[in-house]
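For reference, the chain that follows is the form predicted on its own, supplied as C-alpha cells.
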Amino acid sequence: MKRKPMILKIFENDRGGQIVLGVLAVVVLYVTFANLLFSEGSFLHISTYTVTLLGKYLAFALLALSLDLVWGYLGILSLGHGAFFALGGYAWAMYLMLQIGDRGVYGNAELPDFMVFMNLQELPWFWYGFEYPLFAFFMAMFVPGLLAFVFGWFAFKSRVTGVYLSIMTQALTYALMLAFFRNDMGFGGNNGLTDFKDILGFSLQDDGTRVLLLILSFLALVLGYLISRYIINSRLGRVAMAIRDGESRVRFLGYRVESFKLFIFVVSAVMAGVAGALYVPQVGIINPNLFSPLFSIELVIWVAIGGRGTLYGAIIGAFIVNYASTYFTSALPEVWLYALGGLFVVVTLYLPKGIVGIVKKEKNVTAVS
C-alpha cells in the first residue's frame, strides 16, 4: 500500500486549517500582484501600507499560533509569551540598527544614534556578531528558546502548574520590561530601536522589499502551522494532551512530564521569536512596550476569541482582533479597550471554544438535521 506524503498526513482531518491557510494564500497573492502590477492611480492597486499591515497581522498570527500550541494542547496558560516575541524582535532589530552605518543622525559608522547620544565610545560586547544576518536570525530563535528552557526547567521541575505558573510567566515578562526600559541596558531605553534603513542590502522603503517581507511572513506562518500540526499528531502531541487533561495520571504511568512540557514550551518560544523578527522590519520600530504584561494578555484574548486548541482558530482570532484594533483605535480610541475586555468576558462565559466552536456547532446541528 502506497504511503501518503507527509504533507497530506499533517493536514489529515484538518479541514479548517486547509481553508484558513488557503484563504490567506489567495489574499497574499492578490495583494502582492495588486501592489506591484497596478499603478497607484488604478482602483485595483493595493497600497504599500496595506501590504505592511497584512504582514504585521501574519507575524501576530504566528505568535498566536505559538501560544495555542502550549495553551490549547499542553494546558499552560502563558501570560508572558510576548517576552519571547520581543526578544526575537530585538535580536533582529540589532542587525538592522548596525546596517544604518553613517546614515544616522550623528553620522557615526560604528555606533547607533542612541549610543552616540549616551556618549558610549564603543559597541557593547553583546552587540558583537549582529552585523551578520545569519547570526542575528539565529539569535532571534536561540535567545527566546534559551529563556524558555531555563524558565521551564526550574518551573516544571518544581511542578508549578495552573494559575501559579501563569503568574510566574507574567512576572518574567514584567521584569524584562523594566530591564529594557533602562537606558544603561544598551537597547535604546524607552525609545527602543528604530529608523531602520535596509535589510540584506534592500531598502525597507521599497515596495518590492515590503512585498517580500509579506511573503516571508506567510511562509513562516505556514511552516509554524505544519510544525505544530506535526507535533500534535505525533505521540508527543498525544502525551501533551493527556498531560493537559490529567497530568498526575500521566506522571503515574511513568512518563517524564517535565521533559514533554519543556520541549513544547521551547518550540513555542522559538516560533514566537521568529514572529518577532518578522514583525520588526515591517513595523519599523521595537520598544519595551512589547514586554508589557498587557500585550501578552491581549495575545491570550486573540487565541480565546478565535478558538483555543485548534491552531487555525488562533490565526483567525489574531486577524479579527488586530483588524478591529486598527479600525477602532482610530475611529473610537476611548471605547476600544473596553470593547476588547467585554468581548473577552463574553467569549469566556458563553463561547469557551471561540469563533471556531460556533462554526463547528452549526455544522454538527446541520449534520444531525
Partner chain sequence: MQKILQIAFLNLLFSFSLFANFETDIKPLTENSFLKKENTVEKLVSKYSENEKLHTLLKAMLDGELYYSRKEFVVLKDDEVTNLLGEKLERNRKIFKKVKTNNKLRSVIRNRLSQLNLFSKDVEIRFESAKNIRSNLEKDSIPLIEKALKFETDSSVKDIHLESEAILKARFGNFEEKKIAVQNLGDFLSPEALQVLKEIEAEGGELSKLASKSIASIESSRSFFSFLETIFFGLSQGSVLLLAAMGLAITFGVMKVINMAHGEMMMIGAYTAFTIQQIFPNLIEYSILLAIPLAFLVSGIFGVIIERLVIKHLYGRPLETLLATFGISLLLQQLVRTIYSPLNQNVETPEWMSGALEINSALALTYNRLYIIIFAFLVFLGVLLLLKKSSLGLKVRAVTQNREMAKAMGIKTGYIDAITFGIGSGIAGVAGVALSQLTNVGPNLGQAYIVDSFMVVVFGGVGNLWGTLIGAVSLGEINKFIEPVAGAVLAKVIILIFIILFIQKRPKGLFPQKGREE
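Positions refer to the first chain, counted from 1. Just so we're on the same page, rigid core means the largest C-alpha set that superposes within 1.5 Å between forms. All of these numbers come straight from a predicted model, not from anything done at the bench.
This next part talks about the form predicted in complex with its partner chain, which is not shown.
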Any chance residue 298 has a heavy atom within 4.5 Å of its partner chain in the predicted bound form?
yes
Taking any heavy atom pair closer than or equal to 4.5 Å as contact, tell me whether residue 154 reaches its partner chain in the predicted bound form.
yes
Wondering, does residue 265 line up within 4.5 Å of its partner chain in the predicted bound form on heavy atoms?
no
Spell out, yes or no, whether the shortest heavy atom distance between residue 164 and its partner chain in the predicted bound form is within 4.5 Å.
yes
Non-hydrogen atoms within 4.5 angstroms of its partner chain in the predicted bound form: do 35, 141 and 208 all have one?
no
Quick one: of 175, 226, 146, 215, which gets a non-hydrogen atom within 4.5 angstroms of its partner chain in the predicted bound form?
175
Of these, 304, 67, 311, 316, which has a heavy atom no more than 4.5 Å from its partner chain in the predicted bound form?
304
Among 268 to 276, 218 to 226, 69 to 77, 130 to 138, which stretch has residues with heavy atoms no more than 4.5 Å from its partner chain in the predicted bound form?
69 to 77
Contact check, 228 to 251 vs its partner chain in the predicted bound form, heavy atom within 4.5 Å, ordered by sequence, gives 248
Can we say the CA of residue 18 moves by at least 2 Å between the shown form and the other one when the core is superposed?
no
